[in-house]
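First, one chain by itself: the form predicted alone, in structure tokens.
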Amino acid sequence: MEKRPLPDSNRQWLLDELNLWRRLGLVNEDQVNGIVDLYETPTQSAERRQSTAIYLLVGVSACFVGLAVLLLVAYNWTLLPDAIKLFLLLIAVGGAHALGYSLRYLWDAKNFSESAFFLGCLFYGGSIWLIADIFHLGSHYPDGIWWWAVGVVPLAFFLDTIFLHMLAVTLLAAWVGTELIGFHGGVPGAFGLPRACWTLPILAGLGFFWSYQKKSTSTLGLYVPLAAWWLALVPLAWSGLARENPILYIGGIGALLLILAEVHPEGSLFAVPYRLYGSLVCIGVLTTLSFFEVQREFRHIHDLGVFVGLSVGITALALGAFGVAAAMHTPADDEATLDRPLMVFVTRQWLPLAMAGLMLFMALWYAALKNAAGNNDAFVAAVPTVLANVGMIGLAFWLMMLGLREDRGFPSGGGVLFFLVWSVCRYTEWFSDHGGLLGGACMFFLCGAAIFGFAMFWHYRKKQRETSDGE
């Protein structure tokens, strides 16, 4: 059995505790040796850290070698016959992959093989454009990025290397961004999307499936923002939708990610990528919407149908994901009570659902009052501004309570930091010109008191939990 990694600080704690248990007669010498043998020795830990550092350095060196080779070929490109050019490109791509195969399966050097495969994928991408130049193939250049990504994706899945997953995700993100931002009015493909943009959900879906099968949260953390990036760019495929302010639609994407995070069991590491990116999106959107002057800009709506349709569409997608997950949590009988999984699941979803509802409400509010506001647009903007500020405070304290519930410091720290961001924004908007130092001092005092109260509450809850565990 492969030995489990163990940090040096934890190792010393484990050894001290085992010595105490042995003196108390709780374990014997053989049991102590068996427990210690489950974990890496200090030498093995040092070798693993050194291998990781070497792995990263070799990967970086592969990038520089690839660039050097490409520049060397480019320097002599015009002097070479076309047949020699094609031969050199095929040799470079095939040789790099052959070297990776030999290192991985013949010489048992997995770390170095991943760098060789990575170098081969760089050569493959460069060869796409160079071969097109040889045969004078003028084409839509984002297609080259797509073919490059399609060639990298299978290797990333079969070789199980984070380098190739990073390269594949980067290429797919660059390709779909180029297509939908730079060529959104190009040749339409399926579902009205330009060319092959409809294939990205399929490729990203394979990445999601692979990540869950391999239990790789780091790889999942690459494909979650890729899918969110595609969702954010989809409206650009239709020229009418591209004219409207997409911030409420993007906020709906953040709510969707938070809903997907809470679909996972409590404490699951697979929820972290969804929650991280969903929180960051909601933080950015709510912070922008919390300013009164930003809200007043929503009176310039070009097309009410498109403006509302964007929010309705993403909200329907979010509620659909919630409905499917809720159906999977429904108990066999119909007597659902608060101690049953369904009610616990719904309770955990209160803030993501509130975020989705808030974005939809703002769109409907501005659409309903666009023509009725007259010159009094201050009132129209005031209500969404207040709600955006309430949403910021709610999200901050939800993150704090999430960290408290799962006994994790990162979400709580993020909630505290976001609360401080809210207080600075409100001081800038409310007190910088009128309230002066006294108003700002009062506001920061109240914010500090609220955070101190939360810290004491966290301390009390943790102490109470430790007491109950001890009993």
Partner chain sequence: MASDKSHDPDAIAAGAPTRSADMAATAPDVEPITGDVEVKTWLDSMKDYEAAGVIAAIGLQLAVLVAMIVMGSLKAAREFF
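A quick note: this is a predicted structure, and the numbers were derived from the prediction, not measured. Residue numbers count along the first chain shown, from 1.
Missing here is the form predicted together with its partner chain; even so, the following discussion is about that form.
Undergrad: What stretch, of 267-275, 102-110, 347-355, 395-403, brings heavy atoms to within 4.5 Å of its partner chain in the predicted complex?
TA: Stretch with heavy atoms near the partner: 102-110.
Undergrad: Its partner chain isn't shown here, but in the predicted complex which of 154, 323, 305, 205 has a heavy atom within 4.5 Å of it?
TA: Only one listed residue qualifies here, and that residue is 154.
Undergrad: What is the one choice in 316, 90, 294, 369 with a heavy atom within 4.5 Å of its partner chain in the predicted complex?
TA: It is 90.
Undergrad: Flag residue 255 as yes or no: does it have a non-hydrogen atom within 4.5 angstroms of any non-hydrogen atom of its partner chain in the predicted complex?
TA: Residue-level check for residue 255: no, no contact with its partner chain.
Undergrad: In the predicted complex, does residue 132 have a heavy atom within 4.5 Å of its partner chain?
TA: Residue 132 belongs to the contact set for its partner chain.
Undergrad: Is there any non-hydrogen atom of residue 160 lying within 4.5 Å of its partner chain in the predicted complex?
TA: Looking in the predicted complex, residue contacts with its partner chain include residue 160, since a heavy atom lies within 4.5 Å.
Undergrad: Any chance residue 251 has a heavy atom within 4.5 Å of its partner chain in the predicted complex?
TA: Judged by the heavy-atom cut-off of 4.5 Å, residue 251 is well away from its partner chain in the predicted complex.
Undergrad: So which residues in 86-125, when you check its partner chain in the predicted complex, have a heavy atom no farther than 4.5 Å from it?
TA: Contacts from 86-125: 86, 90, 93, 94, 97, 101, 104, 105, 117, 120, 121, 124.
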